[in-house]
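Shown below, as structure tokens, is a lone chain in the form predicted alone; questions about how it binds or moves come after it.
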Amino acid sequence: MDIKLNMDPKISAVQGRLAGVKRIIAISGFKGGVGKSSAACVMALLLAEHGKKTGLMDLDFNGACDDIILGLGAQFPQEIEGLEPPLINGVKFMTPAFFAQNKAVNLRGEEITAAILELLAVTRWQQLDYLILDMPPGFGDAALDIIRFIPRCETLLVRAPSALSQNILAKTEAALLDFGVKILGELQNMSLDAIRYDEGLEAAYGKPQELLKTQFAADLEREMKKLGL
């Protein structure tokens, strides 16, 4: 299925900003509460821990939370021919939370499209091995915009071990394949034999080094190796 792009010059600017990024992996759950943001943040930390040049971008404009998981503090992007993401534990990090002033973001429809495009167009990633995208929930305009603007991204699907999560993910995976999106694989969170439920995970939020010591991180690292990451 072809996706038509408009002629907004920011679209070509996005391609320029991402030219030095080897792989772009979109972490998608399409249902709330499956652990998508935790997986995105800890995956980025693990890649950086293993010496990979890694970036993380939170693209959930209505509910960005990666800054809380990573413990952002008072850091803010530097303006150098665009926005230079700050480093958190070796990960270049960009989030709408930088500009939200700790308030809910009241955007809808074309406003979200414009905001996503603007953030992608001004962020200077430079040379990266991996850019991890924490995708917005659902399969609406925001997710479709990212597929349009970054057609080479691979998608890693996150689900919980429930019939509801499995059903929604199966339908979404079929839709992504219709759009020609590459599916990297699937992470089953809070399961008995993949990424187990970790009671200590939430206590480690805000402390990147502690996140890396969690059972969640160990299980995720094992699953990443299966995917060749």
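Because the structure is predicted, anything quoted here is derived from the model rather than measured. Residue numbers run from 1 along the displayed sequence.
Not pictured, yet referred to below: the form predicted together with another copy of the chain.
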Can we say Leu45, Tyr130 and Glu199 each have a non-hydrogen atom within 4.5 Å of another copy of the chain in the predicted complex? no
Of Ala194, Ala204, Ala64, Leu184, which one comes within 4.5 Å of another copy of the chain in the predicted complex, counting heavy atoms only? Ala64
May I ask you to check whether Asn89 falls inside a 4.5 Å heavy atom distance of another copy of the chain in the predicted complex? no
Might Trp125 be said to contact another copy of the chain in the predicted complex, defining contact as any heavy atom within 4.5 Å? no
Please tell me whether any heavy atom belonging to Glu154 falls inside 4.5 Å of a heavy atom of another copy of the chain, as the geometry stands in the predicted complex. no
Residue-level question: is Gly109 within 4.5 Å of another copy of the chain in the predicted complex, judged on heavy atoms? yes
Even though the chain is shown alone, can you say which residues of 132-147 have a heavy atom within 4.5 Å of another copy of the chain in the predicted complex? Pro137, Gly138, Phe139, Gly140, Asp141, Leu144, Asp145
